[in-house]
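In structure tokens, the next block holds one chain alone, the form predicted alone.
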């Protein structure tokens, strides 16, 4: 495995460094295998990966884990703050009555061999044209001309990860431009299977298996509710598990963490009580630690 530089800095002292690995992070075996293929392809040329799925299901963690496992510096950029083309690269500023161009971290990151560049919430820019410059750096030739900086070429071994949530429920998001989306390999994340999510809650929140199983079972009933299905992410179930760990009841933890209608929750809890011990524990595919 190649060794890469551990830190990238800009003039503000902003850094991109190798992140610490996340404990107890599970992914389907097929996605893990595909991430290894992405690593191998990046040794031939820069690679783009789009990670999509419900919120709170591990998209950003997947990016950090890829960087950590491969000892690569990670630079994360919030696309939601972009309001004009080229803003990722830098902007003109005024000091002592003089205008100057301030280069940002992005051009340094993409010129750093082996860097993992995370474009977070790529479909949430303030202005759609703010993403125009990305077409050039994500295309096959991998270079762009910036008047203030000159010719910028993406370095060897760079991997671009873009993450997004899609759907009408996500305010402020846009459909990703088809020409831009076409430049990415796509990885989809979904809820963890019940047996894996139960294990995660046991490991990360130090819960008993029975408490963790109850939380997961309630969450899955809310997710599959015919009339009003709810998005209950793994981030949510971890929050609920932490509340239970400090002596909240399951009912209290769900209400405070999800701002849930108590009547809906009461119905779910009652149905689970009547079906105690009848949960389907059949694994859905092979999930592994990553």
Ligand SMILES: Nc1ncnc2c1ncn2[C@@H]1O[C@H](COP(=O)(O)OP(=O)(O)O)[C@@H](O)[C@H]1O
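Numbering follows the first chain given and starts at 1. Note that the structure is a prediction, hence the values are computed from the model and not measured.
Heads up, the form predicted together with this ligand isn't pictured, but that's what we're talking about next.
Where does this ligand sit in the predicted bound form: which of 141-149, 200-208, 101-109, 178-186, heavy atoms within 4.5 Å?
After filtering at 4.5 Å, what remains is 200-208.
Taking 4.5 angstroms as the cut-off for heavy atoms, does residue 231 touch this ligand in the predicted bound form?
So residue 231 does not count as contacting this ligand.
Answer yes if any heavy atom of residue 34 is within 4.5 Å of a heavy atom of this ligand in the predicted bound form; otherwise answer no.
Heavy-atom contact with this ligand at 4.5 Å: absent for residue 34.
Quick check on residue 238: any heavy atom within 4.5 Å of this ligand in the predicted bound form?
Flag for residue 238 set to yes.
Taking heavy atoms and a 4.5 Å cut-off, does residue 57 contact this ligand in the predicted bound form?
Residue 57: contacts this ligand in the predicted bound form.
Just one of 131, 158, 192, 215 has a heavy atom within 4.5 angstroms of this ligand in the predicted bound form, so which one?
The residue from 131, 158, 192, 215 that makes the contact is 192.
Name the residue from 61, 257, 245, 70 that puts a heavy atom within 4.5 Å of this ligand in the predicted bound form.
Selected residue: 61.
For the stretch 22-38, I need every residue with any heavy atom inside 4.5 Å of this ligand in the predicted bound form, listed N to C.
Contacting residues: 22, 24, 25, 26.
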